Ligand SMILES: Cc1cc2nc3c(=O)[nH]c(=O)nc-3n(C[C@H](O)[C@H](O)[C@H](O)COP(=O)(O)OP(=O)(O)OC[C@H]3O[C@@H](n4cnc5c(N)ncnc54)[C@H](O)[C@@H]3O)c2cc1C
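The data below hold one chain only, encoded as structure tokens and taken in the form predicted on its own.
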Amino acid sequence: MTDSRRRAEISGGGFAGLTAASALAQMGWSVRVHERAAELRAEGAGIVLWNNSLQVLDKIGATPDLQARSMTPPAYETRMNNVIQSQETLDGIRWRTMTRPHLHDTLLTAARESGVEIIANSEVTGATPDGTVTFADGSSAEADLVIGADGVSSAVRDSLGIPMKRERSRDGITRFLVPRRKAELQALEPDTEWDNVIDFWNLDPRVLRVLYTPANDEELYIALMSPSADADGSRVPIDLELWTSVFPQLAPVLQDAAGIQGRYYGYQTTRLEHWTDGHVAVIGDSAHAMCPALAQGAGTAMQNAWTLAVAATAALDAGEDLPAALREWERLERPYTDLAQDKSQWYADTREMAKGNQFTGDSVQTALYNPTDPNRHEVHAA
């Protein structure tokens, strides 16, 4: 039976916030999601999800909707100067590609169907450890649990004064959603499997990279990487002549990208001293923004959203102290996110992904993690 005394206030209607909202609502909480924008929508282009987040989507009942407009490519292919370095079929690793708007719509539907109250034009300006949330209009609300899922510039995090370190990398990326144009690409390279994810690298004489990711039958996600110091490589709209001179086989889709304004994002990693303070927890980019090398920014956000909901619910069911339960949640769950952050930062710093064969060992430990398995921490607890 729903316990009306359990109330969660969530700042941010992105992947982390909506996942936490659905999970908590399905566990009997009264949940409100506050989004400062006038409408809830996803920023960005495409995304890859791995087992850790796909297991969470299974649990909140969102998988059927997600499957409709997403795909699992045959392989992850890495090329250097258009010479294939590796083709990893990722056997035994569950993964899926899609557009960010599709994932966001899927999570939004799940939240609404779970009974979550979603409020647009509602800006959270801060929170206090006792569970008080303040808003830009001067009002406030009390909650058993407050979640800051409000991005890299999190007002919830900053209001708590949590010590933070931010690392910026030398490279950045511009992302686009364009038509697949598979037939035109096949005409240029008939022997290429254009359903693969293909990571095109060039390091010499100039560092440029295109990550080619089919999102579904009609849409293609391409990410163009260059050092931030490269004025032409990081220009938006893109310098079509430059990019097609280096990647001529991608000319049809680069031409589409050139017609989109785009935005160049520098890679960064955000590390907090702690993720919780009293009745408040921060998740997603608010807590652990990371470089995109392992495609785990959204994945770890969603896994932490789920495990946070489980931990908070279990604590209140048992009559335990919620702040202590949130600290224990972080102790158990954070190592998987820290590992993904560390490895992603290392790949960004070294550009070692250009060598291929990266989806082994600790690079896939977070991807293989199942946050919904109740026995997953037996080793850690020993």
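Quantities reported herein were computed from a predicted structural model and do not represent experimental measurements. We number the residues from 1 along the sequence you see.
Below, we turn to the form predicted together with the ligand, even though it does not appear here.
Interface residue in the predicted complex among A149, A215, V280, A309, criterion: non-hydrogen atom within 4.5 angstroms of the ligand
None of the other options qualify; the answer is A149.
Selected contact from A298, A143, I162, I238, since only one has a non-hydrogen atom within 4.5 angstroms of the ligand in the predicted complex
Partner contact (heavy atom, 4.5 Å) among the options: A298.
Contact of A16 with the ligand in the predicted complex (heavy atom, 4.5 Å)
Close contact exists here: in the predicted complex, A16 approaches the ligand to within 4.5 Å, heavy atoms only.
Though only this chain appears here, would T366 touch the ligand in the predicted complex if you measure heavy atom gaps against 4.5 Å?
Taking the distances in the predicted complex, the answer for T366 is no, it never comes within 4.5 Å of the ligand.
At 4.5 Å between heavy atoms, is R36 in contact with the ligand in the predicted complex?
R36: yes, in contact with the ligand in the predicted complex.
Is A354 near the ligand? Define near as a heavy atom within 4.5 Å, in the predicted complex.
Looking in the predicted complex, residue contacts with the ligand do not include A354, since no heavy atom lies within 4.5 Å.
Which single stretch, out of 108-116, 189-197, 123-131, 72-80, brings residue heavy atoms within 4.5 Å of the ligand in the predicted complex?
Among the listed stretches, the partner-contacting one is 123-131.
What residues, if any, in 207-228 have a non-hydrogen atom within 4.5 angstroms of the ligand in the predicted complex?
Heavy-atom contacts within 4.5 Å come from Y221 alone.
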